[in-house]
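This document starts with one chain, in the form predicted on its own, laid out as structure tokens.
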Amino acid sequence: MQTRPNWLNTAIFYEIYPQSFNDTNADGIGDIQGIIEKLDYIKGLGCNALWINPCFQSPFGDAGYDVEDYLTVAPRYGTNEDLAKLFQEAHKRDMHVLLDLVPGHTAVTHKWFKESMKAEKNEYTDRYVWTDSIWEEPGNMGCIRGISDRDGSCAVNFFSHQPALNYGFYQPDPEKKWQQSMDAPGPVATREAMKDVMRFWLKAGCDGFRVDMAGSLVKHDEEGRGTIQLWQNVREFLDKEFPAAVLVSEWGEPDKSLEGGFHMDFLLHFGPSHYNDLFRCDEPWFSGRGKGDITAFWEKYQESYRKSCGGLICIPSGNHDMDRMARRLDREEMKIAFAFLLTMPGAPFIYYGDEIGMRYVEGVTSVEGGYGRTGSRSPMQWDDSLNAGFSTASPARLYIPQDSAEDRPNVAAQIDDPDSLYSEVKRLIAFRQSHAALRNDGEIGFLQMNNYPLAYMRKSGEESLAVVINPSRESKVWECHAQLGQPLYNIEETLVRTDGGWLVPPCSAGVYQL
């Protein structure tokens, strides 16, 4: 396991989708100066670290995840100098900033791809995964073809305008010469070019990277061994030149990502994690109806925790790729959900606006490749002024339409309301930071394996705490005869001792001394 910088053990991340956070130049699109302007708000909430979604030059076919120039801030957000200023201002507040690194593919407009399309061999010919013939597709990957004089089809990772960068094949097919090994000159050059990108922004002051699709770089690598080797090589470079640089992976397999040199791994909303069983399904476990099922999630989480060997598994409130929590849960249910998120181990990630219960905006036309995700990317709601304080532009110019409901939540209405979701999240963060057992690196023990209620122990040194959560509108019995102290933190009523153990009140969450 990679040694972590100490600040990660108490980091609470705030994810910012820059297009939608705060617009300071009235063009309807958020910008870097807007993030700087709101650093005190983020710090006031209790978050001390930022993850900023891609802010580099791009044709924005996929909201910036189609990078055209890794070394230049997109003009609509500002300049490289603005981004460096953001790093400086964050550090003044004892905050840290991770940029979103997209190493798996670029935009078709990237100069690397333009050069790779040329029929004449050049230094970028093998920068991407190309077959030898226009008639041959690259296996189970989609492809681009018939767009240049070069003979061959180019693999894509997701959208058809995102050509896959070439990091080699773990087990190349000897009959397909275009499947290069990981140590071939082309894949090595790609890896070194990505190191140059990281080197550039680390020198500018960023603290590390959240890495998009980190587990998918090496092809034909079902067990991930080649990709692990690749990231170990990157970690070796970082340890030599930037030993404090943080890496957080979008991988979803912590045993692999941590072996590769990452400090933390996300639980993903796709794949085997069952993360959506909690917040985003027909019967979420956190719904007051009490019909959800947390069993599969809990079993997979325990498996991942055992494999993590002390590494951090991050459970986000949401992100730019999934429905808003508020699409399925109401305000009181979200309070209980945040009680869970902010008492679990691993660094918490709060998606902008989740702290006030921003809603999923229904029925909006796709913007920049968002499709069904677009409704979770609407502009931040700061107050009840024009455009909810996001921008002074005409509403028609907004990047994405806002929630048009008269009762849409906003920061100004919640920040001084002690009963608001914002206030509950702020209290929970402060409570977490005041207890060593609840730190990101604190241990977890599993106390209640049935569906309702949920009970687990957090421990660090001499401090042991029990967390007991029941989102159901019905009381539940926790069959436990341990002695518990008075609640250190609770939402709604506290536990009541019964012959069978403890009666857990409805719609409640509590933290007790063990």
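As the structure is a prediction and not an experimental result, all values here were calculated from the model. Residue numbers run from 1 along the displayed sequence.
This next part talks about the form predicted in complex with a small molecule, which is not shown.
When the small molecule is considered in the predicted bound form, only one residue from 105, 110, 219, 432 comes within 4.5 Å through any heavy atom, namely 105. Interface residue among 263, 324, 335, 210 relative to the small molecule in the predicted bound form, by the heavy atom within 4.5 Å criterion: 210. Although the partner is absent here, residue 250 lies within 4.5 Å of the small molecule in the predicted bound form, judged by heavy atoms. Interface residue remark: residue 68 is not counted as part of the site for the small molecule in the predicted bound form, having no heavy atom within 4.5 Å.
Proximity of residue 200 to the small molecule in the predicted bound form falls outside the 4.5 Å heavy atom cutoff. Contact check for residue 320: a non-hydrogen atom falls within 4.5 Å of the small molecule in the predicted bound form. Checking 475-483, 60-68, 445-453, 36-44 against the small molecule in the predicted bound form, the stretch whose residues place heavy atoms within 4.5 Å of it is 60-68.
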